[in-house]
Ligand SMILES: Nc1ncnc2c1ncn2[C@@H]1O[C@H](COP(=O)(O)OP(=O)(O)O)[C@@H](O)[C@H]1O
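Just one chain is shown here, as structure tokens, and it is the form predicted alone.
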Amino acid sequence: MASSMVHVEHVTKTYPGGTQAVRDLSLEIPEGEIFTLVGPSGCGKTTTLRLIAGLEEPDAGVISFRDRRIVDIAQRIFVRANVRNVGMVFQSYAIWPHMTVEENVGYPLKLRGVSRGRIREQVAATLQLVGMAGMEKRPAPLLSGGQQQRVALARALVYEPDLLLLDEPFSNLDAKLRDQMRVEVKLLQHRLGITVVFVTHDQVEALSLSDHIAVMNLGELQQVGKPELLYQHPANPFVRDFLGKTILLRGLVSARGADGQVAVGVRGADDCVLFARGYDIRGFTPGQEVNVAIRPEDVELVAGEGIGTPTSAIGGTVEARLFMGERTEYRVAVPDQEPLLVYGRREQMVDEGGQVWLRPHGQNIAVWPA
């Protein structure tokens, strides 16, 4: 892992009224990466970002940038936001409507007493970087949502901050523009080598953009790691269900292997035994009721008309079919289970009411206590 840009140590923040937004949070954010704080609304991710920015003061804990301590409540150290050299893009963009693009982007330099000539040079270079070259004189009210987002990004980058903080910057954009901006921010971060802390509740944004992800819930850290680690090896059911879709199957443990694998017989499918990894440190015992968790993309859907029972398959009936473009999604009713949402190939069409078989496969099947 790269050297650390930000250290957060045992930080707690409680708002008036007793709402504890952040509870004893410790994080290490690597330098030169995109680090994402993700979780549902009210989980404490935006508060954490504001604590790093200096817009909030914690009740306890320490925050350091590289080896410089900028917050230490016990030692009464609190470095103000305006001297932390941090750039921030808010969810609302906060573009000033009475200014042109050039004036908006150059305003932080003007506050710092930079000369007019130098401001013009820096603004032009930064607008070139975000794909807004030639729009210096355009009034802010004439900008599209995507252009406003780029201006806000340029304004946060123009004074060359050590750290860039992004608070759900794509939430006001349409789906196609969000996809485009995700790619452009990732490419921009690669070119600049800047450390980015990104806040979102969107799991797709978190998985696609991040070098590392921290999942939060109710002010507490649930798991930190690379996107593929959190997706394939979640530390608890909350992380499992928040990042990506999950199919849960009820079953009974039939055997436990020395390698940590657990054999589970699936309820309602007498011939289906799945081999899964166990995450409960107490282990599992034969006959124990458990849930088997599988990602929808790890389940093969086979039309069931006119064929025998496939090996280790679960029979069901299609309740609904949804054509999604790149794939077809099916809601399948299975005996002794909740209805399951599974994926089929785009060219594969099974009518509603049709019989199907579901065959789980892959190495990412997990077992959890029921």
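One-based numbering along the sequence shown. Note that the structure is predicted; figures quoted are calculated from it, not measured.
The protein also exists as the form predicted in complex with this ligand; that form is not presented, and the subsequent description refers to it.
Checklist line | Interface membership of residue 21, this ligand in the predicted complex, 4.5 Å heavy atom rule | finding: Residue-level check for residue 21: yes, a contact with this ligand.
Check: Does any heavy atom of residue 36 come within 4.5 Å of a heavy atom of this ligand in the predicted complex?
Finding: Because no heavy atom of residue 36 falls inside 4.5 Å of this ligand in the predicted complex, the answer is no.
Check: Can you check whether residue 46 is within 4.5 Å of this ligand in the predicted complex, heavy atom basis?
Finding: Contact check for residue 46: yes, within 4.5 Å of this ligand in the predicted complex.
Next item on the list: Using the partner position in the predicted complex, report whether residue 41 sits within 4.5 Å of this ligand, counting heavy atoms only.
Entry: Judged by the heavy-atom cut-off of 4.5 Å, residue 41 is in contact with this ligand in the predicted complex.
Item checked: Candidate stretches 61-69, 329-337, 23-31, 46-54, one within 4.5 Å of this ligand in the predicted complex by heavy atom -> Contact criterion met by 46-54 only.
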